[in-house]
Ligand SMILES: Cc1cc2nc3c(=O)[nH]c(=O)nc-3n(C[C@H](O)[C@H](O)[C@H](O)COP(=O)(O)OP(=O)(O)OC[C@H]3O[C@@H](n4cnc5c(N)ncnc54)[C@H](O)[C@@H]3O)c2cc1C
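In the form predicted on its own, a lone chain appears below as structure tokens.
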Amino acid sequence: MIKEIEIVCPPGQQEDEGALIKIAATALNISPQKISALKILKRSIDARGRRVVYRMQVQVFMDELYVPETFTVKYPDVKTAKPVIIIGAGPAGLFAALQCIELGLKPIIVERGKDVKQRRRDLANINKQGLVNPESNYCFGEGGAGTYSDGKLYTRSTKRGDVNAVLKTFVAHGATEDILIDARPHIGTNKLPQIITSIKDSIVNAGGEVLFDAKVISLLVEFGKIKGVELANGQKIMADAVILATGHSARDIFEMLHHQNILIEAKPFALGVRIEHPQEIIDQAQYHCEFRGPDLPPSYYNLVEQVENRGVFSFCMCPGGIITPCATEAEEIVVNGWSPSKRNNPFANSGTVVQINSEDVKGDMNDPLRMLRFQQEIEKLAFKAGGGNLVAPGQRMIDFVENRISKDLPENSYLPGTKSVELKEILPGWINERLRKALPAFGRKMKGYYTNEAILVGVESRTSSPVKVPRDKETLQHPQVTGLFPCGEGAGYAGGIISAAIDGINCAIAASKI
């Protein structure tokens, strides 16, 4: 017999099978000896009461054999199959490629950046010397921005596709099985590179191709139908279907589409700062205790406030994390955050941003690149304020709200360094004022949040794409170009690793019908 029940255990017992079996036996009013196995289906932390506990949905096997699930993948050989070109090797592109293989198509991924191993050198140059390679950075390269932006797998996109299938694919390529059960699954930036490389190897071993340092400069279109792509080295690759999965920072691709008179649209996005606290402040607020202890993970938060009819919200929260420089061009400051798998750094950071609508930005309302230009302008202002070498402008939280420059800045995780600046000199007034009103309100919601021990680092500007590449709802094809499938975060259809992966799968299925 198998029964599914919820059990509750204190921290420290969440991975102790013997302890969990005893708790389940008590809940079922049976002897622990009757339980042959226990399978955890879902696990979450409940910190709402005075005592923090783990809540688990479990299957209890009573006098019945439990056969653990195996996670292996065997893909068909598609070396000589019909090709599909995929532009971009981020989550959308990689999962589109895997789905193509399952459908008997040969994926050809063209990625402007480098493989993981070579990409690491360019990231070191960014952090140590302030040098940005526009083709290989935190956004461009094997795995895309997802490889070096934490590996958070939490998503609300459950209606778009099979989330569990995506998670199982990650497990089959090296991720821990914990991502299948945790309420907020997370891989960690230190583990993602080898998992991404394993996915790439599956694609190549099945007969697909992955081309690095392969920058697309033109789409080949004849009579409204896609025919292939042209690369910067002059090479032309031909196919009847192209999946455009370039990510939200490939500005030159948006420029290329506009130049080729392929319809794109300006899209709202959000902009603000990355806020970092000592992790212990967040732990004390969320766990209601002075010290977290070793049996609980670093805590996270999610904060939202409506200020003057506009949302101000935390975004991409990284417990035990690091703030990273994510510019893709020279003389820009863009910050993001990530955490290692253990989330064992002393700081917690989160993007804290204000929603920007089309009417907020001056300029020609018919210009599809208007929001992109605005984003770029703010990033350049931040670079100028920092003084160069990717030094970022920063301000203590209460100083920011009370409109005074910080005499000094707290220790923080941003490796290129921070400079004390009044952020109102960089942020547009209406963003600045909404942030100033939201932060004390966040402090009323979460004890200890509103403190001068927290630093605001500017600017968090790549929350999503400022451009949308339209597509038909049913066919997922561009309305002007048959065989072109705008895909993922860069085209405006995803907002994270899982949703991008699902969109890649859906686009591959659509491309198979060409």
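Just count from 1 along the sequence shown to find any residue number. Because the structure is predicted, anything quoted here is derived from the model rather than measured.
Unshown form predicted together with the ligand; subsequent notes refer to it.
Not one of P107, V242 and I502 places a heavy atom within 4.5 Å of the ligand in the predicted complex. Residue in contact with the ligand in the predicted complex (any heavy atom within 4.5 Å), chosen from V163, V361, V221, C316: C316.
When you look in the predicted complex, the only residue of G208, G394, G146, G351 with a non-hydrogen atom within 4.5 Å of the ligand is G146.
Shown alone here, K152 lies within 4.5 Å of the ligand in the predicted complex, counting heavy atoms only. Among heavy atoms of E276, none comes within 4.5 Å of the ligand in the predicted complex. Proximity of P11 to the ligand in the predicted complex: non-hydrogen atoms within 4.5 Å are absent; the residue sits far from the partner. Taking the partner from elsewhere, F140 is found to have a heavy atom lying within 4.5 Å of the ligand in the predicted complex.
With the ligand left out of view, the stretch that reaches within 4.5 Å of it through heavy atoms in the predicted complex is, among 363 to 371, 435 to 443, 288 to 296, 334 to 342, 334 to 342. Along 199 to 215, these residues reach a heavy atom to within 4.5 Å of the ligand in the predicted complex: A214, K215.
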